[in-house]
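Read the single chain below, which is given as structure tokens and is the form predicted on its own.
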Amino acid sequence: MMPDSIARFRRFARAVTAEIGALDSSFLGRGRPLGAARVVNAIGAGRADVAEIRAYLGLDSGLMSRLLRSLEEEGLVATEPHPEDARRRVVRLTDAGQREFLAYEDISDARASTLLARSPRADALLRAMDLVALTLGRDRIAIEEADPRGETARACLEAYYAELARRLESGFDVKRSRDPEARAMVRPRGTFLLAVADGLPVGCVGLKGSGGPIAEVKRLWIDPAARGFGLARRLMQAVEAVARDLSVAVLRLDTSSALPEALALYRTSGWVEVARFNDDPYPDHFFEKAL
């Protein structure tokens, strides 16, 4: 690696540290440092298990205890034993803590808007931010089941359709495709999985089933910023695990030669190319895998 690369990385780290106020004793002017503010944010975002929050923030147990104690003394949080395991603790925001969480949210949103407005290339800046965030947090990307009719799932599918429209010579019209019904991708017939990075979706895949021994894998998509991290393989492994749980014996899928990354993935993960099994106008490669 060239010395200039190291210097550029360190310049970036210094700029981010200064911009977010990591060294300020009063983060965002609310009277407490960044660590305590991050704990408030984690709880306000829906995390309650103290051990889970500590792991999410990368804090040691001593620092986590000190931060919780200071927030309790301020009257912002309350901790209590876990209802199912007395060895664990859960934490919640008090009414004052909820007000503080919302204040942080408003200030943070305003600062983000101001920064993006300062940039002459806001879209490029956001893409770079996505890449940095995903690189730093790649080990924390989770695979979660979701409702294919939900807003997040639909956003992923629309991004998938838009990419197909760009990459296929004929374009792509979902009305001409064999688009699976949502109910075919919900248990007990199938499933819909999202790859989620700190609350934001970065990939998806569906399992279209009928309750019988054969099901289809559909709509595998990875956000461009998240490619190269092995997420497509992780999603495929996860969807195969669900298929086994649903007693599916054979999986099928179709794809296009305009998607060489997908072809490479299937050919190196146990899928066997077979004859065409549907009349969808877009795919030109068809695969099966026995489970």
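All residue numbers refer to positions in the sequence shown, first residue = 1. Note that the structure is predicted; figures quoted are calculated from it, not measured.
What comes next is about the form predicted in complex with the DNA, which does not appear here.
Against the DNA in the predicted bound form, the set P33, L59 and G62 is in full contact: each member has a heavy atom within 4.5 Å. Proximity of R99 to the DNA in the predicted bound form falls outside the 4.5 Å heavy atom cutoff. Among residues of the shown chain, R54 is one whose heavy atoms approach the DNA to within 4.5 Å in the predicted bound form. Though the partner is left out of this view, V50 does reach within 4.5 Å of the DNA in the predicted bound form, counting heavy atoms only. With a 4.5 Å cutoff on heavy atoms, R66 counts as touching the DNA in the predicted bound form. Note on the partner interface in the predicted bound form: the residue among D147, D109, E158, D85 having a heavy atom within 4.5 angstroms of the DNA is D85. The chain is drawn here without the DNA; in the predicted bound form, the stretch among 204 to 212, 133 to 141, 85 to 93, 111 to 119 whose residues come within 4.5 Å of it by any heavy atom is 85 to 93. An increase of at least 3 Å in the separation of the C-alpha atoms of L28 and L116 is found in the predicted bound form, compared with the displayed form. Distance between the C-alpha atoms of L34 and A195: longer in the predicted bound form than here (change of 3 Å or more).
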